[in-house]
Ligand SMILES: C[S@@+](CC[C@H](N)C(=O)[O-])C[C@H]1O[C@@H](n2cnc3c(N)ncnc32)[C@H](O)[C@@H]1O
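Consider the single chain below, provided in structure tokens and representing the form predicted alone.
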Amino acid sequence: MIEDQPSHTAIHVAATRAAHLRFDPPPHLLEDSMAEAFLGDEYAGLIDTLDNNAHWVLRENRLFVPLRARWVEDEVARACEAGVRCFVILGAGLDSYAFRRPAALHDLEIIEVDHPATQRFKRARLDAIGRKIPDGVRLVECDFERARVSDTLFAAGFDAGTPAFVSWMGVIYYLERETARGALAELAELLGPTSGVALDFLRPYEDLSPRYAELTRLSGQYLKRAGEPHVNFLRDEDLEADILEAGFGEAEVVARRTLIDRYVRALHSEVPLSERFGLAIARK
């Protein structure tokens, strides 16, 4: 990240969710009307850069970003059915689940953790649109490169004895692999029985279809300028091994066919599901 500025990718993720609503026909993966409100006038123009004339990878992201959010929210609902009552969002960015959660989960404690600059931007946007942080929701500041997640959560009142579900989306590919391994081990030590961690990851470009070859250069240049380069690329089996070595009892990479059958098949979209990203769950 660039010092004292909100995460550039967090802003683009919100723009992508907003673009999904604006440019993709219903049914939508996610009805996230808060995404555009979070952007404000300063960043609202980004939404139109993701229209149907955008580069194919941006349109691909327009499908995957809301899909991963929908998947996490479905997994949260399943975890709550099993008794979980704490949802931790690491790298929360401009996430809006706290404002859209089902009424049946009104008692779900939500802890959003992100870089101080991003959290300050989010608070400012909430003030600007006249929205209060809902009861039971905490916005917590943490610089992941300089502070331990466990220390930050304990300072925010997190109870390690309570089963929790953790979302860790859009984070590990910005961390060196050893840093990501250390964070996984820290989470495994922190979380109690029946807890889980949902995360996404990037696969190596050499394992993907030839169309992705150009992204090695284009994406790398763009993200480096933004101060948020991708540095961690993993094969499915590598991530599963890292999860188990960290101390979790179970590691599952969700099959691409499962995601297509569950989410993509019902959509009126010609955009394919991204090959770059994978989704996984680590369970205690």
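Small disclaimer: the values here were computed from a predicted structure and weren't measured. Start at 1 and count along the sequence shown; that's the residue number.
What follows is about the form predicted in complex with the ligand, which we do not show.
Residue heavy atoms within 4.5 Å of the ligand in the model of the complex occur in exactly one stretch of 80-88, 107-115, 156-164, 182-190, and that stretch is 107-115. Taking the partner from the other structure, the ligand in the model of the complex has a heavy atom within 4.5 Å of a heavy atom of Arg17. The closest non-hydrogen atom of Arg68 lies within 4.5 Å of the ligand in the model of the complex.
Interface residue remark: Asp74 is not counted as part of the site for the ligand in the model of the complex, having no heavy atom within 4.5 Å.
Under a 4.5 angstroms non-hydrogen atom cutoff, the ligand in the model of the complex lacks Ser274 among its neighbouring residues. Checking Val197, Leu139, Ala98, Cys142 against the ligand in the model of the complex, a heavy atom within 4.5 Å turns up for just one residue: Cys142. Of all the residues from 166-203, those having a non-hydrogen atom no more than 4.5 Å from the ligand in the model of the complex are Met169, Gly170, Val171, Tyr174, Leu175.
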